[in-house]
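Okay, so here's just one chain, in structure tokens, the form predicted alone.
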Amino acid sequence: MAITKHRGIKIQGIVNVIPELSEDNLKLTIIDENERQKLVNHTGIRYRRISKLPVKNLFSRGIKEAMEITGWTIDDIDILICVTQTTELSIPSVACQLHGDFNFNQQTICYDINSGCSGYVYGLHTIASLLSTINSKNPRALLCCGDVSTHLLSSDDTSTQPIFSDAISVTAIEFNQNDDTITARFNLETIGKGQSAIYTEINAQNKKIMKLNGIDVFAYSVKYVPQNIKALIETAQTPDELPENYIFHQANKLINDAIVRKLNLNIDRVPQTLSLYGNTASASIPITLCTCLNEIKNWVLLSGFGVGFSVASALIKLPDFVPHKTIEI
């Protein structure tokens, strides 16, 4: 069990970039008209966002906005990491492309992580680990997360088409070498036998498409996510470290409600954004976090789960104020 703790790590800003174009599941023609409302009730997803732009373009807009709300400059950034599974090009990495576009400093650590719905938490852990090793008073990082998942969907696949949506998020993270208090705890796990729950294949038209085994995704999520969260919460050393709010990856309503019941949580402490945005992969946690960020004091629990099968949870201590912005383009 990979449980780690980190000192002096702080989230200093979050920008979410969401496509304005949306599709309504109540008008989804591949589903029988009489079944559409049942689908929305079952998944919790009414609208899905569709991007005509590649993921790099969305990341680029997010970086510009993140610089604005934090007051940072490109020269302030020591680490740039992009978590995505929907790059246009296999090489070079999206992070390296953005490095060139923005003219980041040559010393900036820069690479991609191929990860899905647990990717935001994995990305936070990676950056927290790296920042503490940099020989600088207050090193800073940008974490770009998200996918244009609709680019992988088959238009007639009733298991994926009503679920997945496009969006990205950019999170600004800073390390304070003078802060010796624990500000983050992580529990990262992989259940590789679940690799066939969500995967891609090449179809007859030579297009890469996503495939989803909904029964397996539900079974793995309900079995392993509560275990992962409970093990992490047990590491909290004081009552002050216990979270009041739980931000889950927005998989679908059926899965998330089952996890809430298994953990015996107050549903009012578990915000959802499924109805408006659908399943936005690794961007779903920061998007949902920003809907209640002003109300959260001290510690929050974040939990991502999906492709892999991968589960990752984090206990994060938030600053008193985190500038944030959600924009539609």
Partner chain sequence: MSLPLTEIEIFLDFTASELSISQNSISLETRFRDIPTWSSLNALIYISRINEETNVLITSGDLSEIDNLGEIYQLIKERKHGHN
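In this text the structure is predicted, and so the values were computed from the model without any measurement. Numbering follows the first chain given and starts at 1.
Unshown form predicted together with its partner chain; subsequent notes refer to it.
- If you check its partner chain in the model of the complex, you find no heavy atom from any of L21, K27 and H151 within 4.5 Å.
- When you look in the model of the complex, the only residue of S132, T190, S159, N138 with a non-hydrogen atom within 4.5 Å of its partner chain is S159.
- A heavy atom within 4.5 Å of its partner chain in the model of the complex is found for one listed residue only; from E244, D76, D216, E88, this is D216.
- Its partner chain is not shown here, but in the model of the complex it comes within 4.5 Å of a heavy atom of K38.
- Among residues of the shown chain, K223 is one whose heavy atoms approach its partner chain to within 4.5 Å in the model of the complex.
- By the criterion of a heavy atom within 4.5 Å, K52 is excluded from the residues contacting its partner chain in the model of the complex.
- Interface membership of K297, defined by any non-hydrogen atom within 4.5 Å of its partner chain in the model of the complex, is ruled out.
- With the partner left out here, its partner chain still marks one of 38-46, 63-71, 284-292, 271-279 in the model of the complex; by a 4.5 Å heavy atom cut-off that stretch is 38-46.
- Along 253-273, these residues reach a heavy atom to within 4.5 Å of its partner chain in the model of the complex: L254, R261, K262.
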